[in-house]
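To begin, one chain is listed below as C-alpha cells, in the form predicted alone.
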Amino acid sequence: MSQERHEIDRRQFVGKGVRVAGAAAVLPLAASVGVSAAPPAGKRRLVLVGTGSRGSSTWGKALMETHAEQVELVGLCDINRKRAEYAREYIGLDLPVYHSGDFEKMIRDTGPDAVLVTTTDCFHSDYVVAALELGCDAISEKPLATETEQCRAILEAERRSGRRVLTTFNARHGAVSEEIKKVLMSGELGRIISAEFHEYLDVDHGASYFRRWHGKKRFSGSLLVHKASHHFDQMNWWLEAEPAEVHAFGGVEFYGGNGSFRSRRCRGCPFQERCDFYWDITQSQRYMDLYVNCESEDGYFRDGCVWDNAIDTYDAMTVGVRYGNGTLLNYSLNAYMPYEGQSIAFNGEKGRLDVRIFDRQPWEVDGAGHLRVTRIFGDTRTWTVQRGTGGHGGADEKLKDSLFAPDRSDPLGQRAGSREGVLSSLIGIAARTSIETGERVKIHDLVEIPPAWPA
C-alpha cells in the first residue's frame, strides 16, 4: 500500500468498488459471533487482500505450507498489482490476481468462505465490511479499526449480515502470554487491583515503523492503535475486563522533525555516512522484489527517512486506563530504546506477578520470559518460560491452528472476534484522542458497551 495511500481518501476508495456501511452515532457493542466455537469443519476457501510482507508470508506462503489440508487460497488482491503478482510467485500457487478496485469481482469470481485482511491498517474496516456484506466471513489482522466510525461500521455489518469477524491477535498465543493467563486464572493473586505494561522498542525494531507508512497517523492510527492494540487486547483478555476511561500523554520526541538533516529515503541519501539510522534495503532481495521493484505502481518507499517532517506517529507515550471492574492500568511505549523487551506486572490483593521479557540482550536468555510471584506475607517463586519456534516465538502457528485446525479446543479463550478487536482499537483511539485534546476519554462516549464480558 502506498505510503501516501496513492492519495486515495475514504470517499475515493468507496467509489473504487468497496461499499462501506453507514452506522448510527452510538451503536451498542454486540458480542462477537461464534468466537468460542471451534473452527468450521471442512476445507475453507480464502482470498487474501493486502500482499505486503506479513500478508504474503504469514497468511500466504507459510499458511499454505502448514495448513493446506484445512484451507485453500483462491485469490489475491492489492492496490499494487505488481506486488500482488510477486506475492503469487512467492507463495507458489497459480492464483488469480485482482486490483483492490475489483474486490467485489474477486468475491464473485472465486466464491470464498472468508477474506483475510492484511492491508494498511486504515483500510481494514473497509474490506471487513465489504466481505461481510458480500456474504463472507472476515479474518483481519490487528488493529481491526483505526477510527471510531470504523468500529461502528464493522459491528453493524456483522449484526446485519449474520457473518462473523475474527481478529488475529497472535500475541495471545505466545508462551509467556499463555503463562500469565494461567497464573491469573488460578486465583493465586486474588483480585487484581492494578496492572503495568511497559513496551520497549529498540532503535532497530522501533525505527522500522518510522521508515514505513506506520509513521503517519492517517494510515496506522498511531502506534497506540497499530502496535499497542496487541498489548491492550492482551490486558483485556488477561483481566477479563473492559476499559471504561482513558487518559494519555504522548508526542514525537525522537524521530520525525527532531533530526538535524533528512532526505526522502535511504537510497541515494546524501547523509548516509552521517546517519546512524541509514538502512540499506538492497541487502534484502525479498524487500527489493516486494517493495522496490513495485514502486512504479504507487510510489511507496519502504526505506523512507525516519527524520521525515511529516511523521506524526508518537514515539513516546504513556496511557492510563480505568477498567469497568475498577482495575487500573499504567501503560507506556517508547520506540527508541537501547534494548528491546517488555516489563509487565499485576498487583493483586494476595501478591504481585512480575514478568520481564528482553530480546537481543547479552544478560538475558533471548526472548525468554522471566516470571516472579511474590505473595503478601508469603514466599517468592521464580521461573522461566522459553519462546517457541516459528513466527513470533511460535505464536503465529498457534494462532493459525486456533483458526483453522479441526476440533481445536480453546481452554484459555484465545480466539478473538469483533468485540475483542473493537475493544483493543478503542483504547488506542481513546488514548490518541486524549493526547490531542488533553481530556480524559470515556469509552462509552465512543461506542456504547454492554456491561457483561461475553462468554
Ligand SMILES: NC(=O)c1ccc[n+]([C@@H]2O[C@H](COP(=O)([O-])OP(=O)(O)OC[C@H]3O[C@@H](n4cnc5c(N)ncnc54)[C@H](O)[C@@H]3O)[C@@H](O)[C@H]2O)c1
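Don't overthink the numbering: it's just position in the shown sequence, from 1. Just so it is clear, the structure is predicted and the values come from calculations on it, not from any experiment.
Quick note: we don't show the form predicted together with the named molecule, though the next part is all about it.
Student: How about residue 226 - does it come within 4.5 Å of the named molecule in the predicted bound form, if we only consider non-hydrogen atoms?
Tutor: Yes - in the predicted bound form, heavy atoms of residue 226 and the named molecule come within 4.5 Å of each other.
Student: In the predicted bound form, does residue 215 come within 4.5 Å of the named molecule, counting heavy atoms only?
Tutor: Heavy-atom contact with the named molecule at 4.5 Å: absent for residue 215.
Student: Examine residue 230 and determine whether its closest non-hydrogen atom to the named molecule in the predicted bound form is within 4.5 angstroms.
Tutor: Residue-level check for residue 230: yes, a contact with the named molecule.
Student: Going by a heavy atom distance of 4.5 Å, is residue 424 a contact of the named molecule in the predicted bound form?
Tutor: No, residue 424 stays farther than 4.5 Å from the named molecule in the predicted bound form.
Student: Within 4.5 Å of the named molecule in the predicted bound form, counting heavy atoms only, one of 382 to 390, 412 to 420, 47 to 55, 63 to 71 shows up; tell me which.
Tutor: Stretch 47 to 55 is the one.
Student: Give a yes or no on whether each residue among 199, 238 and 402 has a heavy atom within 4.5 Å of the named molecule in the predicted bound form.
Tutor: No, because 199, 238 and 402 lack any heavy atom that approaches the named molecule to within 4.5 Å in the predicted bound form.
Student: Considering non-hydrogen atoms and a 4.5 Å limit, which listed residue (120, 150, 177, 327) is close to the named molecule in the predicted bound form?
Tutor: Selected residue: 120.
Student: Among 291, 314, 210, 279, which has any heavy atom within 4.5 Å of the named molecule in the predicted bound form?
Tutor: Only one listed residue qualifies here, and that residue is 291.
Student: Out of 59 to 84, which residues reach within 4.5 Å of the named molecule in the predicted bound form, heavy atoms considered?
Tutor: Read in sequence order, the residues that approach the named molecule (within 4.5 Å, in the predicted bound form) are 78, 79, 80, 83.
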